[in-house]
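A lone chain, given as C-alpha cells: the form predicted on its own.
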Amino acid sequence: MDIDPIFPLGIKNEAYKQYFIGDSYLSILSKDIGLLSFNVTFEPGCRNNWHVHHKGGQVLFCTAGFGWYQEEGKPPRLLKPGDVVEIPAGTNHWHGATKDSWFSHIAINVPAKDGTVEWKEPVTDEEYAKLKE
C-alpha cells in the first residue's frame, strides 16, 4: 500500500463486493449514535458502481491517496487528501481510487428516515480508462 492512512484499514469489504470493481476495505468508525461513518479504502483502480442515496445524502472526507468522484452528467473530479465532497440525496454518482494510487475517504451517511442506497451499473473499464489525472 503506497499511502499512510490515519484511520484503520479495516476488513476486506466482502459484504458489498458485488458493487465494486477491485478490492476495497471497510472500517466502521461510528454507528452507536445514529450517525454511520466508515473509513473506506480502495486499492488502485478500485471503484464502486454508480449509486444513489435516497432520502439521505453522503459526505466524503478524503484522507489519503488519490481518487475520483463523478456525478451523472458532470465531469469527473480528481480527489486528494483534504477534499470534501457533499453528495445530495438523489444524486447518481460513483467514487474510487485512481489507477495508480490507493485511496481512502471517510464516508458519512446523512441520517434519514427510511433512507436507502440504490446500487446501479458498474463504471466500465472503458469509461474508467478515459480518466486523466
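Residue numbers here begin at 1 and follow the sequence given. Worth saying up front: this structure is predicted, and the values here are computed from it rather than measured.
A second form of this protein, the form predicted together with a further copy of the same chain, is not displayed here; the remarks below concern that form.
In the predicted complex, Leu35 approaches a further copy of the same chain with a heavy atom inside 4.5 Å. When a further copy of the same chain is considered in the predicted complex, Pro111 lines it closely, a heavy atom lying within 4.5 Å.
Interface residue remark: Pro76 is not counted as part of the site for a further copy of the same chain in the predicted complex, having no heavy atom within 4.5 Å. Among residues of the shown chain, Ile6 is one whose heavy atoms approach a further copy of the same chain to within 4.5 Å in the predicted complex. Using a 4.5 Å cut-off to a further copy of the same chain in the predicted complex, each of Lys31, Val59 and Thr63 places a heavy atom inside that distance. Counting a residue when any of its non-hydrogen atoms is within 4.5 Å of a further copy of the same chain in the predicted complex, the hits in 60-94 run Phe61, Cys62, Thr63, Pro81, Gly82, Asp83, Val84, Glu86, Ile87, Pro88.
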